[in-house]
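To begin, one chain is listed below as structure tokens, in the form predicted alone.
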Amino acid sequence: MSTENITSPANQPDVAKRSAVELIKESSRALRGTIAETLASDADHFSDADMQLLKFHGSYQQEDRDARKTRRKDGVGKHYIFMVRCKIPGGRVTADQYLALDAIAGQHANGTLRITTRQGIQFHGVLKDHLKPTIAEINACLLSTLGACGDVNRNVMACPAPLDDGVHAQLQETAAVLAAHLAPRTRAYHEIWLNGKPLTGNSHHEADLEPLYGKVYLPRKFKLGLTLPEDNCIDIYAQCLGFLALVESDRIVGYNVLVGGGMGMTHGRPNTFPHLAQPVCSIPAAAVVPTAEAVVRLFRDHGNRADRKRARLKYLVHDWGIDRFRDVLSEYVGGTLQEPKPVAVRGVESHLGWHPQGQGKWFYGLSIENGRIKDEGDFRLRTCLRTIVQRLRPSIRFSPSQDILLCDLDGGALEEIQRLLAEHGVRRPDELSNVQKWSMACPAIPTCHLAITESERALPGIIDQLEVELQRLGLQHERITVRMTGCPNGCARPYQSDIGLVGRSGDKYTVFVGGRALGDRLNFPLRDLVPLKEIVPLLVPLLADFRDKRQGAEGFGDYCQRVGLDYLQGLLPPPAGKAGGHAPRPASDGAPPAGPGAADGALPAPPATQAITVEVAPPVVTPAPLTTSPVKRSETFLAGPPGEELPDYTYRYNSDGSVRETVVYFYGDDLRAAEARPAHALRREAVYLGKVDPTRLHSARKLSDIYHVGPPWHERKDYRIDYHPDGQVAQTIVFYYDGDRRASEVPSGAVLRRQVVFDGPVSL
């Protein structure tokens, strides 16, 4: 593992430019702080500094918010509780490990286990006196909590399907290797939680060296995952670093490397936003570990250590642009990077139900609502799973959709599983609605201190209402993803779903639409500050119109993207007590505004106007012919496989029906729509005079090129070049956005403020 640059100025900036958490990490004695001393004391909680360090050890200090009002009334302080998270690469555990986790939930936590959206397990309601035995018992079953939280690489995700095809096993093995390679090396964890013997003197210093992370670790958390093009169940576009497998002859020969994904944002901070990972290069399979290390070192050295709100890798990718990121990464890799292969995500699986896995074995995927494994009244899921594991001894996989796969089963196990499910009041996957199976929520209140609203406890009621409406509309078989979070940090990845519900204030949410299960595009805000009880009534008119006007096999999110925000808002009922209240129009570049582009978390305000003096010849007015027929203004033709169609070219018409201009669209590295995929952003619009055959552009007269920057579905105009008839550059127009910045410097949803026209070509 390379040790270069660990103490570089980039890794340790001036104290004045570093956040308080950076100073805590630096003075922590390799993550020790005073954690051990507090554990040995009668205190029921840790100091603010140690609370930050606890995260690296896999725990968050929290408060029971349900008890808050009663305790305040009685003059009692906060009821401190802790969340403990297991780091489980690829979500894979043995039967014995699962039973050990189940026992810990009963002995030390609130009697539940919670499957996370990163394939781990969380325990909630752990008291301070139970912290050490909880973590010790997790380690006793050969699992760990080290690095499950904190400013390091988090749990490495991989497709959980246990298929005996070589490829899936290769993903799981690589995930385990990456997790071990990127784990912190400090001995503090073993000293504090496992009664390791503290080291002294030089041996202490040498043992605490972090050859990868350095003294202050990473600027912020780092998330990594591996997946296959046909099954993006891990949401690779939400990862800081994603490896998309390149498969030949049933083996992984390489990966497309994607960087810069992340879902979190902050209300009131328009420079924070969700961002999709972008392909940066392709690598052979043997290079996956050094490439991952290179990206981590780059982030370590160049990430933002002054502002934790903008410290994720995604902001580095966004602010630099993918080309500069590629150039810098090549220096860390130590060689030229290969361009990404023309491979993109094309499918996603739930892995629910009964499936052959090969070699005569089977697996059974069981849907776990919001990942919570519990016993509650006649619903005894935790007891049911414990009984199944004790009797059938399956291996276990946790899925990124918070579900559980019971693996390595004999063919006769299905009858026993179904009988036990029925006995314990647990519904089979085929007894659940599609909308429930494709829903997710974060824990939110009462445990998470960041939560503004309910989420896990509120989503089941939303799903119940949606089930009724979808059944009434005949849409019960549609795959519509619904994800809910109690704050804008996006732990359940709401900004990629068909319907995203993000906590705003009290019982009010921002409603997003327009994503899809593939996870390859962001949705956009439909309406802000929607009361919980109004969410489903708000969506019903859209669902009805989708049923009546969908095109082909498009999904609900595809329909929302196609018809656009203005059209959708025309369908909405007004907010309660108001006659209007529709959200504003999209940003001026025509892309739907992303949630992060709004000041104070609200939808973007209409742009302020600015007068620009332009000298033009007096217009020639030609009266439109009188006709009762509708006048066609434009017509756009699309290309690409079903569900991945992209605009290919557009005809713009004169009032007499003749074609005035032809616009041809280019994506990624100058790809036409038939070659591109939704992960390729729009990069150029070429405008030609009159009607042009889009397959024979070499002889057409080009009027202009309009260049764009930004991630897919949130591209912004950067500059335009207009041409003389002989092909020479006539003028260059440069666009400037909020704060007089270029398009590559502003977030999605920024408002166009100025355009400057230059004669002839300009060096950009």
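The model shown is predicted, which means the values in this text are computed figures rather than measured ones. One-based numbering along the sequence shown.
Omitted from view is the form predicted together with siroheme, to which the following refers.
Only one of 520-528, 683-691, 260-268, 175-183 places residue heavy atoms within 4.5 angstroms of siroheme in the predicted bound form, namely 260-268.
At least one heavy atom of Ala148 is located within 4.5 Å of siroheme in the predicted bound form.
In the predicted bound form, Leu450 approaches siroheme with a heavy atom inside 4.5 Å. Although the partner is absent here, Met83 is a contact residue: one of its heavy atoms lies within 4.5 angstroms of siroheme in the predicted bound form. Siroheme in the predicted bound form comes within 4.5 Å of a heavy atom belonging to Lys221. Residue Cys442 is the only one of Leu385, Leu565, Val513, Cys442 with a heavy atom lying within 4.5 Å of siroheme in the predicted bound form. The single contact residue among Pro340, Gly120, Gly365, Pro394, judged by any heavy atom lying within 4.5 Å of siroheme in the predicted bound form, is Gly120.
Looking at 39-61, the one residue that comes within 4.5 Å of siroheme in the predicted bound form, counting any heavy atom, is Tyr60.
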